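Here we start with a single chain on its own, the form predicted on its own, put down as structure tokens.
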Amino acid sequence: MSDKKIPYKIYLDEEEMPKSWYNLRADMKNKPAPLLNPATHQPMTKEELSAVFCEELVNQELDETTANFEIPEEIRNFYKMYRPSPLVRAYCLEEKLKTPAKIYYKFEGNNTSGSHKLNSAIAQAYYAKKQGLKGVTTETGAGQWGTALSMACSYFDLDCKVFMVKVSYEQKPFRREVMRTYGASVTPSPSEITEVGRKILAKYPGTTGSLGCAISEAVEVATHTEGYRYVLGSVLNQVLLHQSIIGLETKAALDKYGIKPDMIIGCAGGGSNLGGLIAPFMGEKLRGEADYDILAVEPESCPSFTRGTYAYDFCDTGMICPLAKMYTLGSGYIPAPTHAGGLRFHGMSSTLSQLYDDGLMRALAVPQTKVFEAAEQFARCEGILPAPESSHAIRAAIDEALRCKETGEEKTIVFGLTGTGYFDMYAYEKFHDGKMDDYVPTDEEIAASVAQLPKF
């Protein structure tokens, strides 16, 4: 079809919305390595995982053969409040760049949480309520996941305890207040209220925290409080399953107009957005039905894909969680206090790590100031202030479009705009005042952290 027949925003009708999540692992020849018990180094059993996670979520976590999981009606009804989200043709950005490339972005910021995180939060809260739990605990970096989970728990009348990475807690007080508005308790991490938090503070006095620290605290509270379970906003297979709604909608919208993307770009922290966006496209690639250039974009300050080691490691700094085989910088790695708080995780999803190791996708690390340059350019062209995390994908999309300008290639690029940046004005202020730097860890720093990986 001609460009004139393709609207700025492509929406699906309500009846066109996906009714099932897609489990990418069902089509993977090389399955992701299993989670291991840190004491026995044997694969975690359903019983062991059920002490930490909700029972139905454990079933989803362990299932590697079921391709499609029906989305419960209660969750689909909740989705209808903000889904389907629009797939937008970035005509204004294309014109500004003078590129022959066609750029589309899937916008996930059209809900109060400001991001894609609500897709999994409502599912996890639903299963917790169905199990009869009193509440859940979690961690949050930039705050989008904590906000989304507080909204979901409020909807199902569940208690919600959030451990927020200290640097984000201090930089984003308004995000904290949104969580409290929805009834969540929010604690800066590392804190003095948990044993693991006190140990981390003793070892790293004055630390700004990390997602790994916050995870340790949330797991400790969940496993020591009757009627509570821990829920996670990224990394795990169950989360990628729920987030596949992003990619399924994206593909359905593209198919509606006969559009086949050449390149799919997502920001990469723990893997929730990236895994969800690429899921149906990677499925086609795995089945030999189509081919796509799939690119993960991460911060230079926390480059788990591009400079990490593929090995078993703890998912948390306190070393109390199961071991996961992933690209990792080491669970003791404390990233610099960069402004893309949602990407400050030391490791990557086991599923995505396996795909990356198999050469089915690429990865790129970009510096912080270049990310904010792209964010500002996008905001001025497309009218949306993007989250710092999302802006990593924007940076790569712009750079690819400029390469197309040089070569004359009419490439179709799709990227994930995971959320809005209206609670990130402190970061934008630093950028505009010229006070933002580009911290890049040295080889020695990463080597020292990786040297502490569990050996067995």
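Don't overthink the numbering: it's just position in the shown sequence, from 1. Note that the coordinates shown come from a computational prediction; the quantities given were computed from them, not determined experimentally.
Below: the form predicted in complex with a further copy of the same chain, not depicted.
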Choose one stretch from 122-130, 78-86, 246-254, 214-222: the one whose residues place a heavy atom within 4.5 angstroms of a further copy of the same chain in the predicted complex.
78-86
Students should find that, of Arg176, Lys106, His242, Lys161, the residue having a non-hydrogen atom no more than 4.5 angstroms from a further copy of the same chain in the predicted complex is Arg176
Just one of Pro205, Gly383, Gly359, Gly288 has a heavy atom within 4.5 angstroms of a further copy of the same chain in the predicted complex, so which one?
Gly383
Look up in the predicted complex whether Pro7 has a non-hydrogen atom within 4.5 angstroms of a further copy of the same chain, and give yes or no.
yes
Would you classify Lys370 as touching a further copy of the same chain in the predicted complex, given a 4.5 Å non-hydrogen atom cut-off?
no
Answer for Glu429 alone: is it within 4.5 Å of a further copy of the same chain in the predicted complex, judged on heavy atom distances?
yes
Would you classify Arg180 as touching a further copy of the same chain in the predicted complex, given a 4.5 Å non-hydrogen atom cut-off?
yes
Spell it out for me: taking a further copy of the same chain in the predicted complex, does every residue among Lys19, Ile278 and Tyr333 have a heavy atom no farther than 4.5 Å from it?
no
Can you name the residues of 409-427 that have a heavy atom within 4.5 Å of a further copy of the same chain in the predicted complex?
Tyr422, Phe423, Met425, Tyr426
